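There is one chain below, alone, in structure tokens, taken in the form predicted on its own.
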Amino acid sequence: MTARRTAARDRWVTLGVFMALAAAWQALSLVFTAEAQPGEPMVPGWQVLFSRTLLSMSDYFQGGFGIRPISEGGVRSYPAAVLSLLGNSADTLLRLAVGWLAGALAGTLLGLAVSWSAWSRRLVELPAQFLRTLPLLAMVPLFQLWFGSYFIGKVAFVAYGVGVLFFAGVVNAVGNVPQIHIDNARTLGAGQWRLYGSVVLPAILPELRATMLLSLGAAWAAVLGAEYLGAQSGLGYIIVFAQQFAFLDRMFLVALLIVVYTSLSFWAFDRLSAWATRWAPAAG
């Protein structure tokens, strides 16, 4: 009962903090009335964000469901605005998911190759360590030149950002596997494939929880960075056009949406990884 009360109290405290931040933002919007350009407040209040700003999302709607887009003579409407946000969010989330999965798989395989054999370590370790030192956002223009604005380029960039983190995490996790577990498996006759499948991979999974969450944050930064420099859809695409015309309220609305998505994705990953490693003893 005490644990339930503590959890309930923590939820109420968290809710109170969010409400206080929202109230502070609204108060700031009333006090600081400067405008980036006529009619565009530097600090848009909630009444602006969920009325005029939300309606302006219709500008990025590309048509469908019997609703004409602005580019074809349509008018702004809330259905078009909601569909625009859903469609662009879906494009961003698809790039994020595919890139994260590809990067996680590639980084894991490369990390395991470091400990697989002496030859695989010589082939993999130095190039992978070199790639890991390259700054992520500085690589955006290079990927844009290589792949243009195609889907594969954005996915590859996200995979690169995630892969280098998974590589480092897997190498570290494998190095922390107790040697006695490996020795016992070999004594019982386990070959290399059986050793990694039944001992190494299960042993490193709990330690990779932190790597998964860290890589998820990197994946969000990567996908938005890739969309920012070249995309015809997505949340980064909306931010680019909003920045060009100093539409700070649109940028802030999209930023809020990204905060919601990232929070939900972190929560889902944390719950999923906790369930997958429920058999592992709790730390401390």
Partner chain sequence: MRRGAAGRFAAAVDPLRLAGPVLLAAAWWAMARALPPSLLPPPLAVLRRVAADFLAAPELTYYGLDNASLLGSLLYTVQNVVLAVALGTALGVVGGLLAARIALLRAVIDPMMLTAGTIPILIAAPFLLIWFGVGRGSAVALVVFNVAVVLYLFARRAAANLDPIHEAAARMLGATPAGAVRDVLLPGTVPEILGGLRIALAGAWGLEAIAELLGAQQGIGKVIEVLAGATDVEGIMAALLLLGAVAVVADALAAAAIRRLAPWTTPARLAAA
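Just so it is clear, the model here is predicted, and its values are computed rather than measured. Positions refer to the first chain, counted from 1. Whichever C-alpha set is largest while still superposing within 1.5 Å between the two forms counts as the rigid core.
Not pictured, yet referred to below: the form predicted in complex with the partner chain.
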Non-hydrogen atom within 4.5 angstroms of the partner chain in the model of the complex for each of Q26, T33 and L272: no
So in the model of the complex, is the partner chain close enough to I70 to count as touching (4.5 Å, heavy atoms)? no
Looking at the partner-bound form in the model of the complex, is Y237 within 4.5 Å of the partner chain by any heavy atom? no
Looking in the model of the complex, any heavy atom of L165 within 4.5 Å of the partner chain? no
Distance check, Y78 to the partner chain in the model of the complex, heavy atom within 4.5 Å: no
In sequence order, the residues of 234-271 that place a heavy atom within 4.5 Å of the partner chain in the model of the complex are I239, V240, Q243, A246, L248, M251, F252, A255, I258, V259, T262, S263, F266
Under a superposition restricted to the rigid core, does I258 display a Cα displacement of 2 angstroms or more between the shown form and the other one? no
Taking the rigid core as the superposition reference, indicate whether the CA of A138 shifts 2 angstroms or more between the shown form and the other one. no
After a core superposition, would you say P127 shifts its C-alpha by at least 2 Å between the shown form and the other one? yes
Sense of CA distance change between I180 and R122 in the model of the complex, threshold 3 Å: closer
